[in-house]
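Here you'll find one protein chain in two forms, each presented separately as structure tokens under the names structure 1 and structure 2.
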Structure 1
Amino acid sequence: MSGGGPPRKRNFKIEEFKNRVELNPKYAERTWKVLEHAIHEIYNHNASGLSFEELYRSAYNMVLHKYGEKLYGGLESTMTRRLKEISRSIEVAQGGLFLEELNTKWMDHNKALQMIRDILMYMDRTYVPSSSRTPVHELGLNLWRDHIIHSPMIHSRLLDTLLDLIHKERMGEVINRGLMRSITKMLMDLGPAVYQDDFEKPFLEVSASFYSGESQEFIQCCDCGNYLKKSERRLNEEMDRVSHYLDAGSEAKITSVVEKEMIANHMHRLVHMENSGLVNMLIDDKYDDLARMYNLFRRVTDGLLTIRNLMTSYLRETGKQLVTDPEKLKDPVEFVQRLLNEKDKHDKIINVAFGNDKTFQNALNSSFEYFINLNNRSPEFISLYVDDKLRKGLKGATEEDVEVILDKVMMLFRYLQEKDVFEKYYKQHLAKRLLSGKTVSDDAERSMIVKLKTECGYQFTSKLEGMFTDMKTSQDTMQDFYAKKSEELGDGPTLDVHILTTGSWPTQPCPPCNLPPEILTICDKFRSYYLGTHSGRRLTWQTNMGTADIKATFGKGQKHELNVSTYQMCVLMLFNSTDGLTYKDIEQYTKIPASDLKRCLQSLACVKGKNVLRKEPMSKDISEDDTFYFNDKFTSKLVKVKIGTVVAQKESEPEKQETRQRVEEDRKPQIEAAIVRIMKSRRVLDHNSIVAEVTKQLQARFLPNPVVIKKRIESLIEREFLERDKTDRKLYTYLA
């Protein structure tokens, strides 16, 4: 189409209007015919022969002379007729050509529409708004929609074709994605309602049933890991599909269909799958599978909850078995190590596969807290583990290694409900370590105390720190003692005294035994020295906790240095004056309590490689009728022989009862103090609130038993600290 040519140069002359503007209806009809013809030509791809200017002017004139309606109506009917023809041509297209034909014709229609709109621009701007008609472009789209897309022959065929192609692609075939893109874009252009109703809705339905079927198939034949892999693949495919040839708004919808059909509907079956479900993945550390499961399940409601719940119940079950299996409880250090390993393993899983999800961390923590407290020996065992590490386990470890291990232990410590029981055992074990000098590193010891202090406060560790102070002070005292008294002491045995402050140390009352005279002398010298500088104090020898190094010469002249306990020393020194003694003799001379004496003699006479005494009869156990002889046939490869080190060991049943009883006794005043504190500030309170408050106040140390709390309240009532309220029987009142 060409515009008018360049104006020819003429003599300047004003001429009359050549074209008379007439209101002649015939004129309108003629003009319309011209335009109608043009429309057809445009559709016939013959637009090049048309004059834009002339057509524009024609349309302009029609509208100007009030023939806008005729123009509009004509446009509408002409286009409709045209489209109906186009529709037929599309309908007859065969097979794969159907879509192509549709697409081509669509392209054509758009181009044509563009041109027509330009020609009819004036009408679009004036007549259309004033008569509230649909603008030309939109009209063209609507007509296309009504006569092509919604034509009965095309409508369902279009949908079926599209869905069929998508299905083929899902089954692995390659399809013409560009064409698909074009068609879906066409539908979007026709209006989101068209896209949704005529394509998207059915698409989603068909996809749902497709994936429903596929998921059923997969779940029968695949194990969990593979099923998840397939699901992930399908999910990615659909997202890919959307990005290539569907409208972006469909992504959320189709992904939720896949998620529902493939994941949500089979969630429980998947996690519980035998031999391949969640539990197996956890056991075998299948990080990839677990990560995949996490990422897929988080897309569906309660997906992560399902995983978490199963993980929690599995952990609790396994943990429970671990802490109640008598086999596994034989060696406390092993037991705790196993706990730490389990914790490490699952920490790693949560870290690597679950993206450090806090809710999973919490589930892990609550499970551990649950089963660790099922066994009431856990506090003791954890203390023994630390004891083992500080005694030898951490030998040669770097400072960082030490910190790492102690931090891990603290994690377990935090799970304990009965922290006061741990404190009791820790004190005992620490005392033994300090007094036997068997700690691997002072720094490590202190580091542990600091950690406990940070966790539980000053009061928890003040006594422990006192123990360290005592050790240091004792050292200083001994130095001073020898500096001042060295001439007086001469060649006597060397004494090393640890002065323990009562109250800081877990000492038991110890009946005095008879020390050998040489020892007694120097002990008395020390006592007078000490009391000279610290008047007003009282010293009691703890003969059940000391050690001695003795030089012994045996039959053939072998010299050995024996490291023994104080009791053992008392026994052995008796044999300097005689070769044989009965049990009763020894008991009488040494005054050592019976159970201790029996243990002492057993380790001196019945242990292979350490039998510096000979017993008659040669039975395993010590009886009161036994006789003991100095064993001059004793041999050992070692020059220094250690007999009877006081190693911390897991307590025997009666010892355990005793400790437990002491703990219960200690708790009573703590509970009472808490009750009094609470009542002092609240004045009046009901029973349940008291129990809740007391529990809250004490939970950092232990979990008080509500029955015990009630008993303490009654005891306080009896002692007139509290009384029952006279009017409301649910309340207690504080008596100032």
Structure 2
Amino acid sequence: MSGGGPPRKRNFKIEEFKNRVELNPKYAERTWKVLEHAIHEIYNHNASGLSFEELYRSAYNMVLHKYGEKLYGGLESTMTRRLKEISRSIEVAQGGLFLEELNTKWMDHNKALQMIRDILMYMDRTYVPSSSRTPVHELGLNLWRDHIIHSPMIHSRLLDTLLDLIHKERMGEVINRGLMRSITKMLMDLGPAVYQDDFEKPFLEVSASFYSGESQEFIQCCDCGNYLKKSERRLNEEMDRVSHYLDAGSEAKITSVVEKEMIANHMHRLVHMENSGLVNMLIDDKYDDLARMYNLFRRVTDGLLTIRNLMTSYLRETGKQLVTDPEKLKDPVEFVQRLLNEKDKHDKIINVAFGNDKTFQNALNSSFEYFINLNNRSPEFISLYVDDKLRKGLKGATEEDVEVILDKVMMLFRYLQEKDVFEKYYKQHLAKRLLSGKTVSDDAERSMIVKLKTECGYQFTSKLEGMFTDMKTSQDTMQDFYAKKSEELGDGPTLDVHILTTGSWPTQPCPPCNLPPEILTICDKFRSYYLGTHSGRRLTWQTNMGTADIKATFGKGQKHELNVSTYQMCVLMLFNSTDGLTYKDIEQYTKIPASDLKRCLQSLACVKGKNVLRKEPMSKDISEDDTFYFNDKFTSKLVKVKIGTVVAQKESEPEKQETRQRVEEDRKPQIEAAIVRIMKSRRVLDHNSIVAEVTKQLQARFLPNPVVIKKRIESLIEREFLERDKTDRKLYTYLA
């Protein structure tokens, strides 16, 4: 080892080649001739005799030795000459052979391009990027575009041929779709701009003209349903055409053309078409036509809005006729059933034809809400419908059927703006059902109350639930009464008393009638028992609400059990001691109010098959000069005969006014409570804001009248709950 110190650096030197490489000046020309010959052989389908390895090496060497420009220029000029020859052979092709020749030459050119690109791959990778030239394959496509597609003799002929074939196909002829696909793909391969400018734009213009003319022709000779079928078929044909031989990007454009020309330009005329437009489709339940209209119109701007607006105006108009036609208002049950049928019908249309579109469902709901509230008797009629169903209409129905019917009723109930009016009537009708024992099912009754409670809250149904509680309590009370007083009562009449809590039941003060002595005795015994058991309570007999079962013997000893009202019982018991009585005698003995007495006598003497009394003179109406006799000749196949009271199903006008007045009175404290709640939290508020807030709070039960709200504000000011601002009369302040 040598002594310490850094190692010495060696100096490297690159020397020149000892044998200098001299390139033959004619090398480039000779090599290009070989390559040019190969290109011609490829186009002439003689490529099998070529050595691609040698050709590749030749092209490689030319680029390596800086002859890339010569190679590239030679390729471009050779391909150009070749394509001009091809162009002439395509131009001379006649008729249907034109497209086939074009397609064949295109396929050949593509194959040739692949081989040429493989041979010149090195040039493509090095010379082309460095000199910013077009790659070989792209160059071949551009030359094809410029010398074939844009050739003056081919360009317009190609477009006309393509459009003519499409027109023939539209008219029902069969064309060579495979060939069409190849040609349109060629245009796309040449670049999207070529496809769009040289084919798609003219295609869309011609299509617009075609469908504009065809739509005019169709609309003159077809009804709406058939026009829509033809439009749908044309739309499907265009989408099918795109999928088979046009570019996928054309679908939205061509369908837009069809939609505009066949649907958008005629949609108002179509929906209003006489005898076949939208209204006729709705009336005739044409689900297929409606679905077709919906699916086509949804494709165009404002299409669905056009259908929806016309459907809404039709529903409102027909609904208005339904709820204001005096003939249709005669039978409340039939009236509500018509409403339900209309709702079911249009629900099905929206579900089946309109894909359960929520905007159409909302339009349907707003239409029903509009016309149901045009008739202020709707709450009463809906309650009467429920009354009919829960009395007899649901007999034999399954639990599921009952739920379906009650759900439908609740749907109508939701449309009511005056839900408190419905509550008033429902309470009256429920009371009659419970007291007469005519309810078809306690479960159904309770189910309805649960639905009302869910919809409107506990306050809405608390009194209704109280009525059921009273019925149960009354049952227990009567059992206890007979258990304790059975010996004392003996064999007299049997009494069944319903004790009703004042406030829960829709009882009205009624003048007491004179009960028969036999009945009066047991009534007094019950009164003393009840008041002895419950201190601090008062009992008032509601003789207008009771019923009785009477055993009666007619001529030839024929016996029947008559089910009658308390008033009817009082009248019939008079005939135990006499055969005939005048109207005035009966009125004096019983003290029954005149209107009730006339209805009572009418049902006992004027109803065929139930006439246990005979009236002179015979007529359907009761007058004060009539005389009544016990009808000894009364017969019936039934042992138990129910004699109903002749009563109007709907309220009479005075009764209606009275109910309305009670509703208005009930609303006053609710409006005042809402005002106080609002003012307590806001402290100071202007008049319009109070009206808006009160309406918002109470609209679930009823729509308060602004005039009434103003009066309630005045009342609260008088009672010093509120005061007016001294400077602004429309501003109110809450007084704590």
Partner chain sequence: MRRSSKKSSSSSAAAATAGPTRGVSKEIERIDQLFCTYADSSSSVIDPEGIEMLCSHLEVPHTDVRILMLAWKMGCEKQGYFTLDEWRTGLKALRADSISKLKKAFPELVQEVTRPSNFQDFYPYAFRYCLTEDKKKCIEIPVACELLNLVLGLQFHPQVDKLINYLKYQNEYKVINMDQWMGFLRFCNEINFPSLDNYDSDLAWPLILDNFVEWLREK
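Residue 1 is the first residue of structure 1, and the numbers go on in sequence order from there. Quantities reported herein were computed from a predicted structural model and do not represent experimental measurements. Here, rigid core means the biggest group of C-alpha atoms that superpose within 1.5 Å across both forms.
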field: Which of the two shown structures is the form predicted on its own
entry: 2
message: If I superpose the two forms on their rigid core, does the C-alpha of Trp144 end up displaced by 2 Å or more between structure 1 and structure 2?
response: no
message: Following rigid core alignment, is the displacement of the Phe630 C-alpha between structure 1 and structure 2 equal to or greater than 2 angstroms?
response: yes
- request: Establish whether a shift of 2 Å or more occurs at the C-alpha of Ser603 between structure 1 and structure 2, with the two forms superposed on the rigid core.
  value: yes
field: Per-residue CA shift, Leu574 (Å; core superposed between structure 1 and structure 2)
entry: 3.4
Once the two forms are fitted on their core, CA shift of Gly555 between structure 1 and structure 2 in Å: 5.4
